[in-house]
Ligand code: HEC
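In the form predicted alone, a lone chain appears below as structure tokens.
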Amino acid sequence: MPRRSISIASPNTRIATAVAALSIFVFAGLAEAESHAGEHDGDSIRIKYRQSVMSIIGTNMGAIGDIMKNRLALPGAVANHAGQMAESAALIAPAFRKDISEGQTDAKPGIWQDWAKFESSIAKFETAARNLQTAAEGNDSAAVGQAMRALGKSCGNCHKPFRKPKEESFKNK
């Protein structure tokens, strides 16, 4: 009779492992693609990767908003999405390490002019996401609401100084 393995890893451990594996895969692919592309093409690839990382975060934030706004009965979902956002925070700084603020991007030069503030904003975002995760695991709707507002504020505190406003977005040109 074949033996079956049983996973005893927590959902958070599985998420962290998946994010780590994904980032290794993506960075390896990014390095490979850049080695075969010109500098300009490599910049486009990096921008696309940055946008993918931020899109993952936005998708999770949107899912949490949908759950809360519509009072969906999805036990553990808010905590899971918040955990994914916190894990994704580790991908932000490496994605923006190279100074690229021209082209199909909404990144402002301020990211590289004040890298310490950018990294501090990322750390605050991760903390806010972890706080939401913890509140959601506790099933206290008031605490979840407060943590959700704090998470939204942490997003805005980074977007305001480091992301072009919608009217200046490359998407509107």
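In case it trips you up, residue 1 is the first one in the sequence shown, and so on. Just so it is clear, the model here is predicted, and its values are computed rather than measured.
There is another form of this protein, the form predicted together with ligand HEC, and it is not shown here; the text below is about that form.
query = Do Ser55 and ligand HEC share at least one heavy atom pair within 4.5 Å in the model of the complex?
reply = Although ligand HEC is absent here, Ser55 would touch it in the model of the complex, with heavy atoms inside 4.5 Å.
query = Is there a non-hydrogen atom of Ala136 within 4.5 angstroms of a non-hydrogen atom of ligand HEC in the model of the complex?
reply = Heavy-atom contact with ligand HEC at 4.5 Å: absent for Ala136.
inquiry  = Taking any heavy atom pair closer than or equal to 4.5 Å as contact, tell me whether Ala147 reaches ligand HEC in the model of the complex.
reply    = Residue-level check for Ala147: no, no contact with ligand HEC.
request  = With heavy atoms only and a cut-off of 4.5 Å, decide whether Arg50 touches ligand HEC in the model of the complex.
outcome  = Judged by the heavy-atom cut-off of 4.5 Å, Arg50 is in contact with ligand HEC in the model of the complex.
query = Which residues in 146-167 have a heavy atom within 4.5 Å of ligand HEC in the model of the complex?
reply = Leu151, Ser154, Cys155, Cys158, His159, Phe162, Arg163 sit within 4.5 Å of the partner.
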